[in-house]
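Just one chain is shown here, as structure tokens, and it is the form predicted on its own.
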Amino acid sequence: MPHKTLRRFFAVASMLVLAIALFACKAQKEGTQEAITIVFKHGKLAGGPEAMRLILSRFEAENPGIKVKDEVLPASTDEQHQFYVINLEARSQEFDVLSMDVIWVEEFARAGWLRPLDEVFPPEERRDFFHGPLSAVTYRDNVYAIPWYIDAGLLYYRKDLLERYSLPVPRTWEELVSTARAIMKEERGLYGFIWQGKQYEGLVCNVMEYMWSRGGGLIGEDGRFNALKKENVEALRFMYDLIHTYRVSPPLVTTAVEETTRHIFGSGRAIFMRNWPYAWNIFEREGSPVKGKVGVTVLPAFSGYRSASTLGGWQLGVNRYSKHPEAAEKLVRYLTSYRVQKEMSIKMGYRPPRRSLYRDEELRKVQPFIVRLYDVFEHARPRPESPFYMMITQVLQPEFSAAITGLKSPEEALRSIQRQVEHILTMEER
């Protein structure tokens, strides 16, 4: 073989060997490539960490190559909000999926911290969701989160005690007061009515329900902020009277949050309680002192008016600065799916924002009272929708607290609210 041909042969052979080696190296690298890890931040969930871990493990099994690190934030929603603001303002990439209170989405979207999810959450699927949470995840015609579970205020009552004294379930606030007082007279050591009155967001939710069910509210028919309605004054005065005049609510409600009231009612020490839907599953567990003794219904209204519940709930979004946005979107889609929302309702007590699940035969069989919640959620009302809501509520909370504890009259508190919120809203108009 001529030297020139021989050199050409060895050159081609060398290139072939090199190509095979590179291909083998690449194949080996791809075969051993580590799965990406996405971080999911959320508050403490009912049912314990095991329930959510099972859901996430199933997602990992169905999505090879994606691992989920589940990280729980402090129980306080104020602390969770502070965590998100500090980290998102710094463009943190340390987490990918975040759970958000219904009142945060507009604020985060306006700041540019959330990845738009219009393509992930198409219009045809949105139609299955209640209007309230759907409105909460929409900002300037774009969707920035998907509703995960929905909340609205409910009235829990001791049906065994009402039956014992042949008393009907109260439909008005006035009836609740008279019923509570009648039973308290016979059953010493019981609180009549407990609710969330600490100076925090839960107090705002409670106050709004009294205002709306009296024909008032903070937003007027013209869409402008108007705290000074006489109906609002009357609602705040009634809340004060529950504690100081009628004495069906103990003074401790002015420091109580959801879990405080749940523990009191769940230990059999109260006749009525205002709380969110999650408490039902806990009361019906084996070993619960009130198992089989609890009824749930819509909140009362004032005579001549309609019951109203504050819209609550949590939504899932994707961090705008996530290093793995597509994987994060997959997780959000999975956690908000029909299947997972049904599982969270049955096993953890969270109520689905998907309307179709309220027709699910298995869910209705396991939790028959869920049928009654449909109308509650359909008509649940949002707190003032604004990207500046967190500033507004920092005004509302101390003023409402001052009114129910007697530090200020309802008129004084509402005048202060009107003045301060008007100043905040001028920022939105700019």
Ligand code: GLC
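Residue numbers run from 1 along the displayed sequence. If you're wondering where the values come from, they're calculated on a predicted model, not measured in any experiment.
Omitted from view is the form predicted together with ligand GLC, to which the following refers.
- Residues with any non-hydrogen atom within 4.5 angstroms of ligand GLC in the model of the complex fall in just one of 313 to 321, 87 to 95, 332 to 340, 288 to 296: 313 to 321.
- Site annotation in the model of the complex: the residue of Gly132, Gly202, Pro353, Pro300 reaching within 4.5 Å of ligand GLC with a heavy atom is Gly202.
- This chain is drawn without ligand GLC; in the model of the complex, the residue among Tyr144, Phe265, Trp173, Trp276 with a heavy atom within 4.5 Å of it is Trp276.
- At the 4.5 Å threshold, heavy atoms of Ser307 stay clear of ligand GLC in the model of the complex, well away from it.
- Ligand GLC is not drawn, but in the model of the complex it has no heavy atom within 4.5 Å of Glu209.
- Interface residue remark: Thr77 is counted as part of the site for ligand GLC in the model of the complex, having a heavy atom within 4.5 Å.
- Within 4.5 Å of any heavy atom of ligand GLC in the model of the complex lies no heavy atom of Ala136.
- Counting a residue when any of its non-hydrogen atoms is within 4.5 Å of ligand GLC in the model of the complex, the hits in 86 to 122 run Asp101, Val102, Ile103.
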